[in-house]
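First, one chain by itself in structure tokens, the form predicted alone.
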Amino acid sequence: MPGGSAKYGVLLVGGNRTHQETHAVAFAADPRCELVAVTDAAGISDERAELDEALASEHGIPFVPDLGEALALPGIDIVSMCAAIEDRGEAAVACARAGKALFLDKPLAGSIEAARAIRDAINESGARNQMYSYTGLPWAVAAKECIDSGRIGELRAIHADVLFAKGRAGTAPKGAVRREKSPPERFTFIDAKREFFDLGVYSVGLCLWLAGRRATEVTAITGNHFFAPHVERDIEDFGAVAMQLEEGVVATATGGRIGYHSHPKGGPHKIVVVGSEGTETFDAWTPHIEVSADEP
């Protein structure tokens, strides 16, 4: 603990209508932590400032508009990063250079350049850091243990699904096909967000972590639609990727949103590992009970 007995001071970057709402509650509930203030990236809209102020008011802490001033407040040990995706590169770099421990929301940033800038700033400062992922969940840890134990022989392939069942699917107009534009101008809207960009972090991250190998070739598609709001916003609601990894290992992954009637729980969260001596499947919702009927 800082100073031997004091609590860890937590600075919240970003306010309501982000993942910060739940992160703030979790930090506030932890007896080792104390929320200090809410801040945000430079140049945010009036709407975002109002959402920041609302979160600060809910937790009885100040909203400090200037990120630099907030980082200089006494007692800041941890930064919870939930700035808008477009602003994360600049904001996270500033926090890393300040030497704070970083709890980074996913996805890390909106471009490879911004992600590399965050990585470099962390490496230069030595700041402790963690980006939210699924690698600590029991079913993922069990898949890792399976591979590392060698019980399926030499690893040949990995597949991961991380899909969220929410929203009414089937509302997209027939024949709606999109073409990816790069770089994206915007990632998140009130009624929709770039789902593969957001949730593919989980499934692609699981594949790379489980294999312990880098990707050498990548093929992906984000051109299909289930939901009308995503068609209207010209953003993807689902995507799939195939990766050739080092040492001949193949990985495939899906990520995105499917309709809430498509799955009895939160959506398929599953890993399949294929080895020279066998195949094993790890499912977040197993064991479970299914009841089926063909009556009207």
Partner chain sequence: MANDVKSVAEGMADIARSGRIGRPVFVRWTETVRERGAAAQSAADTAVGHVSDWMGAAPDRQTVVGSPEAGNLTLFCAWDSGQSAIVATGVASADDRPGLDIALIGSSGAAYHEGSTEISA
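Model, not experiment: these values are computed from the prediction. Numbering follows the first chain given and starts at 1.
In what follows, reference is made to the form predicted together with its partner chain, a form of this protein that is not presented.
Engineer: Based on heavy atom distances of at most 4.5 Å to its partner chain in the predicted complex, which listed stretch, 38-46, 25-33, 64-72, 235-243, is the contact stretch?
Structural biologist: Selected stretch: 235-243.
Engineer: Which one of T135, N123, Q130, T219 is close to its partner chain in the predicted complex, taking close to mean a heavy atom within 4.5 Å?
Structural biologist: For this set of options, the contacting one is T219.
Engineer: At the 4.5 Å heavy atom threshold, is G170 in contact with its partner chain in the predicted complex?
Structural biologist: Yes, G170 is a contact residue.
Engineer: So, in the predicted complex, is A157 in contact with its partner chain at a 4.5 angstroms heavy atom limit?
Structural biologist: Yes, A157 is a contact residue.
Engineer: Does any heavy atom of V250 come within 4.5 Å of a heavy atom of its partner chain in the predicted complex?
Structural biologist: Yes, V250 is a contact residue.
Engineer: Test of understanding: in the predicted complex, would G9 fall inside 4.5 Å of its partner chain by heavy atoms?
Structural biologist: Close contact is absent here: in the predicted complex, G9 is far from its partner chain, nothing within 4.5 Å, heavy atoms only.
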